[in-house]
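The chain below stands alone, shown as structure tokens; this is the form predicted alone.
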Amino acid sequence: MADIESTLNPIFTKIDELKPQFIERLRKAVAIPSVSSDESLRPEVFRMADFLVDELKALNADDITVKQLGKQPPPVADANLQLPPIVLAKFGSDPSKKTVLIYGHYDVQPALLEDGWASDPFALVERDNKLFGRGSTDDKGPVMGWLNSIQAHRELNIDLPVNLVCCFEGMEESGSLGLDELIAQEAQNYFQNVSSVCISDNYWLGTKKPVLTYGLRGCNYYQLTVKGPGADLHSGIFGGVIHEPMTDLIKVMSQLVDVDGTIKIPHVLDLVAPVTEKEEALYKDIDFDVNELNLASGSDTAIYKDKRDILMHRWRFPSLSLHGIEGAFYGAGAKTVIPAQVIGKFSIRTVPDMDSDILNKLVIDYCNERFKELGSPNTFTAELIHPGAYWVSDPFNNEFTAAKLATKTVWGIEPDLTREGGSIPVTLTFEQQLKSNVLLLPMGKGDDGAHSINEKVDVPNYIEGTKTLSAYLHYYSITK
């Protein structure tokens, strides 16, 4: 351990020295509006891939491979829309070293200034020792953190303690289309000999104490389509005399979840594994201030007030959330239109032991039954857009042991072991296809606002997070 600490000290000093360069690297990344869900911005997602390739070249990667994935499958407006590529790179191929695959994504959620941002979401702004910008914490900040770590090692002529394999995708915010297939294809090729996978695409539970994450909820995303008239109609002429698609859709969506978060679809909760006494005991000592939930949400609207209840419903139990209605009028003013077609979107966060196929049948059958009860002549379709499996790991394996040492070295405190309510479906894919353990090593804080307005990463988390990623590689390299 003393040898590792003596190696890490100059690396940490170099990271501090390179702080302005590292912030500038993130600034350039954030400036590219790589929104994967917006077809009009697809060229920007490709531009972000090119940016990563250039950065990897500058860091003297041994091998850079850009995997094209072809056309994006329906539903799409442009039948020729191309999926963003997966950028692969290698640093080192020493057979005496372990090989760690690092995963991240370079696409981001949509963001508009008029949504309520205090500044242009695609211009990194530093305020109060925080870096604001879309992707700053999800996930461009952590991806840049890995590049920062490599640069610090390079400038000091210190060899990386492991062989690194990089896997950066551009469709994570839109279902990671094509990624599962690529991992399966490359399991015995590009990803051969990978002994471990490290992902930094999650967050601390709160704002004061670092964590390591050993579990994630899954996410099954659904849409409901109601089609009626052949074109949008004037409510002054047709209101009250036709069955309106929006009315049908609202009626069905209103029967999915109750105001207290209870899922109203029968038998969904029957799929959930019972909570054991041993599992429940893990929640007792986790450092979590209930008030931080209100601070993170920007409101005092929590359903639960007790730490255990909040964390269990955030990590351990499923939830159903309504996300939006496509095709409906949403702008300013008073447009009296009856939309001809509307598409409602919602998701269910899944947990052990929910079977995705069984869940999908329960959801789709239930929605079809609710629509049938309306007696409407409109057409109705309920469908799964994409599934995402839950994931649970062993928080006491070599990866987590090394990450605990790295976290304590950098932050001076033992991290909490947590699960998360969000989803990273590729976690399970890597674990199954590569037969490797997966570690979730977060950089950002619980109040970073990923997917929300004014997304940010604290400067200390960005810089100390880069140190933590670096230390992890060194500690993991000596585990047996």
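As the structure is a prediction and not an experimental result, all values here were calculated from the model. Rigid core (definition): largest C-alpha set, two forms, superposition within 1.5 Å. The first residue of the shown sequence is 1; numbering continues from there.
The discussion below concerns the form predicted in complex with another copy of the chain, not included here.
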query: Does G239 make contact with another copy of the chain in the predicted bound form, using a 4.5 Å heavy atom cut-off?
result: yes
- prompt: With the cut-off set at 4.5 Å between non-hydrogen atoms, does T301 touch another copy of the chain in the predicted bound form?
  reply: yes
query: Is there a non-hydrogen atom of L384 within 4.5 angstroms of a non-hydrogen atom of another copy of the chain in the predicted bound form?
result: no
query: Is there a heavy atom of N157 lying 4.5 Å or less from a heavy atom of another copy of the chain in the predicted bound form?
result: no
field: Which of 181-189, 157-165, 309-317, 110-118 lines the interface with another copy of the chain in the predicted bound form (heavy atom within 4.5 Å)
entry: 309-317
- prompt: Ok, V194, I325, L131, L88: which has a heavy atom sitting within 4.5 Å of another copy of the chain in the predicted bound form?
  reply: I325
- prompt: Which of H234, R127, K278, H267 has a heavy atom within 4.5 Å of another copy of the chain in the predicted bound form?
  reply: H234
query: Should the three residues P229, I338 and S376 be counted as contacting another copy of the chain in the predicted bound form, with contact defined as a heavy atom within 4.5 Å for each?
result: yes
- prompt: What residues in 338-368 sit within 4.5 Å of another copy of the chain in the predicted bound form, counting heavy atoms only?
  reply: I338, P339, K345, S347, R349
- prompt: After the core is matched up, is the C-alpha of P43 off by 2 Å or more between this form and the one not shown?
  reply: no
message: Taking the rigid core as the reference frame, tell me whether F371 has a CA displacement of 2 angstroms or more between this form and the one not shown.
response: yes
query: Just checking, between this form and the one not shown and with the core aligned, does N157 shift 2 Å or more at the CA?
result: no
